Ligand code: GLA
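So this first bit is one chain, no partners, the form predicted on its own, shown in structure tokens.
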């Protein structure tokens, strides 16, 4: 991809400004989720797609045991720390995602050498496109190649997830890491977060494109209501298990069981469980629609998922709702919904390629008229997972 090559060249130039080493260059994509919202930590199925933008990492061994870490997104800041001091809780800054990946890789594959690392991205941060997981997955992948580790995608998913959950402290599921490390070009991943099965569903990139539109509302995932939603789901599960002992996660709760037990739950917890029950069903319908080439049916599941995220899981914002409504008003838009955890960030839409021009002009125009905020549409096709760029 031309964009990735340009990002790699820029990353190499930046690396050389602070190191005389000869680095290797790696790339990991970001991701958008098209189905299965907030299902990963509830044991459900998710339908993410890797994007053609992401994170480039230039990395080279050092002769000592120090980490030198720099980032184009945080110019003027440089992390210099002995590798032995990388521990969970050491920092809450931007470097925690890279440090966490290095720490977890060392726990699995042995002591790491000193490293010069430069991180660069063309993926916006804090927008629900998994910029943090892109860094973590890219870093774990890079270390696996540097050490020639005998590993596979499943182990790297676990290590990258531990970096986020244990080192950074975000109580997330494995959606983001699985989406990135299992990605294949021009396909959407159907991943079962409980059984860990996966299927790559066809996405006709010659007929439809993926639009991502930024609301401009910043969100800080670790400090947002995300952890609160996880705690609510955990509490709801505990209450339901008193009457449904065979249930191991909310994904196991059937609609009839929920209707019989909903009065035992506080209203807010009942709304959360109703979303999970409905979203698990929607994901099944969405997958079948893609297998059959039914893009309209697939898009309907995206739009109904947004309604559930707005009304039942309560993670949308007025800005995200306006963008979704504006997208759905365009002929040729099959469906739209918020992507990521919510609370700001971006929406994602699946759009007929013949409608890209109208979508490009009208959605930002409607949004600015209603919010006073400017935005623009970014277009993607499904990308492959992490790679080394030579």
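The model shown is predicted, which means the values in this text are computed figures rather than measured ones. Positions refer to the first chain, counted from 1.
The protein also exists as the form predicted in complex with alpha-D-galactopyranose (GLA); that form is not presented, and the subsequent description refers to it.
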Considering non-hydrogen atoms and a 4.5 Å limit, does alpha-D-galactopyranose (GLA) approach residue 51 in the predicted complex?
no
4.5 Å heavy atom contact, residue 173 and alpha-D-galactopyranose (GLA) in the predicted complex
yes
Can you tell me if residue 280 lies within 4.5 angstroms of alpha-D-galactopyranose (GLA) in the predicted complex, counting non-hydrogen atoms only?
no
Just to confirm, residue 203 within 4.5 Å of alpha-D-galactopyranose (GLA) in the predicted complex by heavy atoms?
no
Which single stretch, out of 351 to 359, 65 to 73, 326 to 334, 33 to 41, brings residue heavy atoms within 4.5 Å of alpha-D-galactopyranose (GLA) in the predicted complex?
33 to 41
Of these, 109, 167, 258, 226, which has a heavy atom no more than 4.5 Å from alpha-D-galactopyranose (GLA) in the predicted complex?
226
Exactly one of 363, 58, 47, 341 has a non-hydrogen atom within 4.5 Å of alpha-D-galactopyranose (GLA) in the predicted complex; which residue is it?
341
